[in-house]
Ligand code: SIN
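Okay, here we've got a single chain as structure tokens, the form predicted on its own, with questions on binding and movement later.
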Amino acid sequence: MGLQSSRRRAGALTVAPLTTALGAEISGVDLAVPLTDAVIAEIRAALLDHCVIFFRDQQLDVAAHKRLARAFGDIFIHPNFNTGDHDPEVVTITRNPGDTKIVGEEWHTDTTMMAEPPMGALLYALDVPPYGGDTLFANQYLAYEGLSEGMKTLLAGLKCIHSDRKVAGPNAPVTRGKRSTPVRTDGAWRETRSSHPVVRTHPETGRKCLFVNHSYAIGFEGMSEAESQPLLDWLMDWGHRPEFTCRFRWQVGSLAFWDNRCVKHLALHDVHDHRRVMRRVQIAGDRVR
């Protein structure tokens, strides 16, 4: 991983790791202004080293947020949050008192039903509760590396089908409860499915990582869903063992930038009496290999 044991300087930035598994807080940069190529390269290096990085006390309007995302790639437009009533490049995730469902309340990697899932996401805190509402992240390099050699051999070459039927559409479980952030449930919605390797190779680091998740993975290619379920469930739960994780407590003005290619995450549904509002912009990725 190349994780450092203590705060260090990285060019203009200071990088403070959160855990030995993943995660670092970055200071010494104002993300609201156009960044130099050198600073962008430092941020990318920190992301590749730590898988998810965090910034505090930022003041980002929508234009600055999108400019920051474009420094790392094209903006990804989410098909199921694109309900036609807002800027399609931005998703505002709102949790209101009384919500019984929230966005991201199970361990997942974003939007993996797409043929080219997002490379990453930039999530910015606009309004947060006084406590609770944390986000957890899990390192999928470590999840793969912790498997036995026999399991690694079994998974080599195996592919998994990813579908969005559990998170969108008229029959999705997310529709069975009150949730303030809507997704497409209209009659024109159609399921999106893609097949990806169970073990992917990161296109920048060259490292192998586990690539299955609860929100989208439904079965192994060439097997029935019933046949797939025992091993698939085990792999998905294995991927967020405590020693693979870090936990981030939000403040207004905090921003998280995670590498969607090697990280799973979960939004804790432990706030019931307070509002929480986050703004997310995703970065386009490439085909999983």
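The shown structure was predicted, so the numbers you read here are calculated from the model rather than taken from an experiment. In this text, residue numbers run from 1 along the sequence as written.
Below, we turn to the form predicted in complex with the ligand, even though it does not appear here.
Considering the ligand in the model of the complex, the lone stretch of 160-168, 101-109, 205-213, 187-195 in range is 101-109 [heavy atom distance within 4.5 Å]. The listed set L147, I93, A71, I77 contains one residue whose heavy atoms approach the ligand in the model of the complex to within 4.5 Å, identified as I93. Checking A267, V271, V15, V281 for any heavy atom within 4.5 Å of the ligand in the model of the complex turns up a single hit: A267. With a 4.5 Å cutoff on heavy atoms, L123 counts as touching the ligand in the model of the complex. Against the ligand in the model of the complex, the set T135, W258 and R276 is in full contact: each member has a heavy atom within 4.5 Å.
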